[in-house]
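Here we start with a single chain on its own, the form predicted on its own, put down as structure tokens.
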Amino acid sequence: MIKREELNGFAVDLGGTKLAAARIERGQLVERKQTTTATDADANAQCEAMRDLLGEIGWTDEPVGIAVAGRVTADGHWSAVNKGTLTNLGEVAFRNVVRQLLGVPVSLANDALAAATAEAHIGAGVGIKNFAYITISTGVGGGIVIDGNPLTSQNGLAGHIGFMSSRLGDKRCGSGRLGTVESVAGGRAIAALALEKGHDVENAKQVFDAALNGETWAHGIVDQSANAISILIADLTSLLGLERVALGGSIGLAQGYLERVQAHLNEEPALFRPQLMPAALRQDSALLGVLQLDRTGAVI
């Protein structure tokens, strides 16, 4: 297992909401920059944004680890499964695009897989054999680590647990599937449901703020999201024998959200209730994880 103090280098994390870059020395983020993801940018523009952000933290010609939202295949192709999150991203040989533009060796991985790996080895999952990381932000994603090994697939779909069916869902999400966890629990879905109910909001944060202020309508929407995640956790546990699950992402780490998930999970039989805790590495999980995956040879 790679120790945290052995992690050194530059890393990028591109999610549905934010683009972050960091310089990491001995497992510590010594410099970090963040900007808003241009969700309508194509692959070339996304790569240029990564290069510019890296330049702000002193990157010149060092190798880079890159974690991205979406599907990353074994041959380095990147595409958005949810077309509502990254709207201008068809399948592209992104590893080659980045290498040509940056002119250095790069490694590439799904962001939730990278985050799950970091949490499993140096964060919330230390000492746990069967572990899952679930990120709830713009959408819902995740990563599974079994006996220290991240679950991967040739087509890059493994871990996209937000596209599993939910008995609470009745709408189609950006993946094209009907009634998914993401269509109920993700930030985009939370904001859409609030608008549908006649409340003038622009994003999920405003719904959360209203819930914290005691607004009944907002409490119901947030609680439904938490319930969908609790059901997802129980389903994954029945399949994988999970011992612990960590929640991350802007919604997963939002005030009171984990407690809501735990309350619903407590309604499940004990066999389907793994330990639940917040991601220990917070927003930096994927940045650390992509370097860890690179060191173990588990990324492209």
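Don't overthink the numbering: it's just position in the shown sequence, from 1. Bear in mind that the values here come from a model prediction, so they are computed numbers and not experimental data.
Same protein, other form: the form predicted in complex with a small molecule, not shown, and the subject of what follows.
- In the predicted complex, no heavy atom of Arg95 sits within 4.5 Å of the small molecule.
- The small molecule in the predicted complex is approached by Val140, whose closest heavy atom lies within 4.5 angstroms of it.
- Although the partner is absent here, Ala246 is not a contact residue: none of its heavy atoms lies within 4.5 angstroms of the small molecule in the predicted complex.
- In the predicted complex, Asp111 approaches the small molecule with a heavy atom inside 4.5 Å.
- Per the 4.5 Å heavy atom criterion, the small molecule in the predicted complex is contacted by stretch 81-89, the sole one of 81-89, 223-231, 122-130, 164-172.
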